[in-house]
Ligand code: ACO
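Let's start with one chain on its own, the form predicted alone, as structure tokens.
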């Protein structure tokens, strides 16, 4: 059983309630058909019931076992609005304003999660990342002790000698352009936990730089060194080391030569990039040149799993990400 099959098998046992705000989007409906047939999750589709039913019939898909909730007519609107006002009272949100926001499925989904009526959300097939994340930041917020949300990719490599039987986790490849040392440390810790929760690996986290253990001096290196120290204090039980160059992180011979005392060097399965530019470039290089499969981004650091899709996503991307979201939800218990 490969990793994606294991993730799906886990999802079947968890039976988490996953909200899909883009209820009339064709790829989402086709994915919903597969998810329901395979029993990967309990789905909640947001939107007008008649429009969703008509689109499903047009596509020839069966979503009869999904719950369909219309944000504009739900009997939970008043309760949800009161909860929104309580969360955003310091910002002066009124109930009238909250009720208007609830007409938008991207707001309705997160508040369902906050109210305990759903376990996770997946959106972004037809919405920009900022529009998906803004309501999540405002109403679900980050998990305790974490101030930053980041995006991790699971990289399925063709060479099983790297990472965890050919699986690695890269971050941050999607959210934070230029994290501070503290933010980078939080990204390292949350990525390690993502790797453990979803992949089932014992994370060995490499904090990447263009320097290994003082081989270069620069303020960019200093940030990674500081982030490594902070991360180790945040989670002393985790194997986190840096600063490491990529070859020192991945190649045993180089790791032994450049960082002989390290538990991580030469054996890393989680790579934490120093900024978004390097992270985004790095995962796409591996995806395109090494023909690796990149699954994600998996958003991490939220108090509940809310994941964002690429607008170029496929039906099977949605299926896989629902299974991953279910695994994340289970790991938070």
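Numbering follows the first chain given and starts at 1. Only a predicted model underlies this, so the values are computations on that prediction, with no experimental measurement involved.
Not pictured, yet referred to below: the form predicted together with the ligand.
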{"item": "Listed range touching the ligand, judged in the predicted bound form by heavy atoms within 4.5 Å, from 226-234, 252-260, 173-181, 204-212", "value": "173-181"}
{"item": "Contact residue in the predicted bound form, from 104, 127, 74, 138 (heavy atom within 4.5 Å of the ligand)", "value": "138"}
{"item": "Position in contact with the ligand when the complex is considered in the predicted bound form, options 47, 274, 266, 297, heavy atoms within 4.5 Å", "value": "297"}
{"item": "Contact flag, residue 287 vs the ligand in the predicted bound form, heavy atom cut 4.5 Å", "value": "no"}
{"item": "Residue 91 within 4.5 Å of the ligand in the predicted bound form, heavy atoms", "value": "yes"}
{"item": "4.5 Å heavy atom contact, residue 153 and the ligand in the predicted bound form", "value": "yes"}
{"item": "Contact label in the predicted bound form: residue 78 to the ligand, heavy atom within 4.5 Å", "value": "no"}
{"item": "4.5 Å heavy atom contact with the ligand in the predicted bound form for all of 12, 24 and 108", "value": "no"}
{"item": "In the predicted bound form: members of 146-170 within 4.5 Å of the ligand, any heavy atom", "value": "147, 148, 149, 153"}
